[in-house]
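Given next, in structure tokens, is a single chain: the form predicted alone.
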């Protein structure tokens, strides 16, 4: 099973409600992360790095910023005459017209023509609320070696606080023998990372069957319901991989990038995470600025103090300003002598002079897009 025989499907808006502060004006897939990336960059780059040449991105609303970011798909070498990158906007069948797109099953069913017309034999399905970097070809090889019907990528750790999260029980051969859903569990478990591999024909059959029986949950009615009927196996994701389930988790995972080993595993591996190219001047550091353990994107201007923080493109920290333990998105201005600690600013936020704003790493303060404080 080679990646060039696999169709990629990315759900761009699964779990939008988990970080409503950041997704009120954009999809989950287009949420900024790591100074210069968007969440969509991670599943898309992992697919392309393995050799996938056709990817469909399912979306339903607020997808203008997503379209602006991915454009024709050229940064990922997906601007092609044949195959390439497709945005799959809402399209309701007659059966869905009254209620709209409700869930993954509806979303896949509404794009059945796209699936049917693809020449690829297999499909890999992912969400956009996670960051990871591993070789998808290893996942596909595992699927083939196991002669599996469905392969579910999973991670061992604390269960994210998200709807329909699957806890997997597996035997010694990694075959899934039981799937528990929406179970409160404090200890570490093997949980599905919402990355699935299967034959395209099988996906079409399962989705059509679910719709015909008016069953709507991909996790419950396709995965859990077929544990005994299909060979479902688990593939453990190697390396640094985290799922975002809240603004607090977004903050914590972002701060993990300040550790060199995590940054290297996620962003500096042999398989690069590609993003939209933005030609900016290098960051400008003033003569008296102080920098400590921070990530700074190009186009920034730093004349104050920055500690343990992530600064996106075009951030300005004026003289006398102090930034600690914070995430400042594109175009943020921290004016002279202002002090901020443990905050997240969306794009184009201005913190005026002499302000003192402080959250806590366990509860960072979020400032919405385009406001002046």
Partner chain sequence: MARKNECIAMLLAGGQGSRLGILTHKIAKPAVPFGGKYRIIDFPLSNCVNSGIYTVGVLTQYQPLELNDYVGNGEPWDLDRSDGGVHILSPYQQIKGTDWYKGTANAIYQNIHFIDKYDPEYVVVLSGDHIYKMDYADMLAYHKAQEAACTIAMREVEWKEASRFGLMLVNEDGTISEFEEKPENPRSNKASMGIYIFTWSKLREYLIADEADPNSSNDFGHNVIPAMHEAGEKMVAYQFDGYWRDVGTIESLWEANMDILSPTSGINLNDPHWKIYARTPNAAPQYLADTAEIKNSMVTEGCSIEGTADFSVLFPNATLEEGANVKYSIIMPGAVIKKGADVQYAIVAENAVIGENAKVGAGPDVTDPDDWGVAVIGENITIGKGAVVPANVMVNETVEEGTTYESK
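Note that the structure is predicted; figures quoted are calculated from it, not measured. Positions refer to the first chain, counted from 1.
What comes next is about the form predicted in complex with the partner chain, which is not displayed.
S.K.: Spot the stretch among 281-289, 188-196, 158-166, 236-244 with residues whose non-hydrogen atoms come within 4.5 Å of the partner chain in the predicted bound form.
M.R.: Going by heavy atoms within 4.5 Å, the stretch is 281-289.
S.K.: Answer yes if any heavy atom of residue 36 is within 4.5 Å of a heavy atom of the partner chain in the predicted bound form; otherwise answer no.
M.R.: It does: once the partner chain is placed as it appears in the predicted bound form, residue 36 has a heavy atom within 4.5 Å of it.
S.K.: So in the predicted bound form, does any heavy atom of residue 204 sit within 4.5 Å of the partner chain?
M.R.: Close contact is absent here: in the predicted bound form, residue 204 is far from the partner chain, nothing within 4.5 Å, heavy atoms only.
S.K.: May I ask you to check whether residue 144 falls inside a 4.5 Å heavy atom distance of the partner chain in the predicted bound form?
M.R.: No - in the predicted bound form, heavy atoms of residue 144 and the partner chain never come within 4.5 Å of each other.
S.K.: Verify the contact flag for residue 133: yes if a non-hydrogen atom of it lies within 4.5 Å of a non-hydrogen atom of the partner chain in the predicted bound form, no if not.
M.R.: Contact check for residue 133: no, nothing within 4.5 Å of the partner chain in the predicted bound form.
S.K.: Considering the partner chain in the predicted bound form, which of 151, 126, 111, 275 comes within 4.5 Å of it through any heavy atom?
M.R.: Of the candidates 151, 126, 111, 275, 275 is the one lying within 4.5 Å of the partner chain in the predicted bound form.
S.K.: Of the options 87, 265, 253, 295, which one has a non-hydrogen atom that comes within 4.5 Å of the partner chain in the predicted bound form?
M.R.: After the contact test, the surviving option is 295.
S.K.: Taking a heavy atom within 4.5 Å as contact, would all three of 74, 258 and 313 count as contacting the partner chain in the predicted bound form?
M.R.: Yes, each of 74, 258 and 313 comes within 4.5 Å of the partner chain in the predicted bound form.
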